[in-house]
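What follows is a single chain, given as structure tokens, in the form predicted on its own.
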Amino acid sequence: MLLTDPKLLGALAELQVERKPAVRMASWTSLGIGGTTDMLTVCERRHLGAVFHLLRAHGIRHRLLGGGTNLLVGDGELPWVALRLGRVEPTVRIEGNCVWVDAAEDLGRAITTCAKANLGGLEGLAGLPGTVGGALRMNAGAYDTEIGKLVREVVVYRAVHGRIDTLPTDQFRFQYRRACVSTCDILLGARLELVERPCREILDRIYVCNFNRRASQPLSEKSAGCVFKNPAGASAGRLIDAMGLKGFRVGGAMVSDIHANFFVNRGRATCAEMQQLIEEVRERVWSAFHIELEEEIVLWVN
């Protein structure tokens, strides 16, 4: 355990930080892979600066955890603590055809709340697991929907300056599967501009997207979604499939036999096995097509 100093623990408690010692990160990731560490939940956003100051003063590294759905975490005892944001109510606030959404809110629940208010535009993302914050940081996209295109403002804790800023989109850019934000900064929420349409129409579109997703993705298995980004003008899944790698495995880690860009945990896969599988697939695609595949999933391996 990294957090053992009584003075540090007392100071965190005074800041209303909830601590869970020796948490198995495998239980907090959709891949079901990950070693142990302490977990801290910051309940008051105004205390973020003080929490970071305390952790730095004691030489303790941290990683910000959202829904754990696009994440591969290292094995064994981890050299950092997991930091989570507490939910701020209301997590969704509707203002006309715009909506303020808190980063800690579940993405699917936020989309449903908007649908009930006859606000659409997010339908293609409805089946994606994870939090709004994770979707923003990764610029989540599916079925001709990309969350970054709907964002008009973001609320960010700027770690360098120790303050919370609201940034319009001309000061904040989204790219393919990433938000242009420092890894030190924390996305706290965003204002989205949605499209007014009947709730029934939105729900029908969600149904179609989820039907297609169930037919083409291994939703019943442990995965982190797409492992690789699509290279320009190509599909990572099709490249991997063309190599005949569906079903290829390293230990408990396997290329899905349903979608070749989904790598699944078949029971007891380790991070080392999943990394070996990723590298083997990348090397084979490079040898065959001279295309370098880049990870879409986030690696927390050291």
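The first residue of the shown sequence is 1; numbering continues from there. Remember, predicted model here, so these are calculated numbers, not experimental data.
Same protein, other form: the form predicted in complex with a small molecule, not shown, and the subject of what follows.
Student: Would you kindly say which of I258, A272, A50, M243 lies with a heavy atom within 4.5 Å of the small molecule in the model of the complex?
Tutor: That would be I258.
Student: Name the residue from H62, R268, R238, H58 that puts a heavy atom within 4.5 Å of the small molecule in the model of the complex.
Tutor: Exactly one listed residue reaches within 4.5 Å, namely R238.
Student: Heavy atoms within 4.5 Å of the small molecule in the model of the complex: which stretch among 82-90, 105-113, 217-225, 189-197?
Tutor: Every other range fails; the passing one is 217-225.
Student: Answer for R205 alone: is it within 4.5 Å of the small molecule in the model of the complex, judged on heavy atom distances?
Tutor: No, no contact at 4.5 Å.
Student: Is F262 close enough to touch the small molecule in the model of the complex, meaning at least one heavy atom pair within 4.5 Å?
Tutor: The answer is yes: F262 has a heavy atom within 4.5 Å of the small molecule.
Student: Answer with yes or no whether A179 is in contact with the small molecule in the model of the complex, where contact means some heavy atom within 4.5 Å.
Tutor: Residue-level check for A179: no, no contact with the small molecule.
Student: Answer for A142 alone: is it within 4.5 Å of the small molecule in the model of the complex, judged on heavy atom distances?
Tutor: Answer yes; at least one heavy atom of A142 falls within 4.5 Å of the small molecule in the model of the complex.
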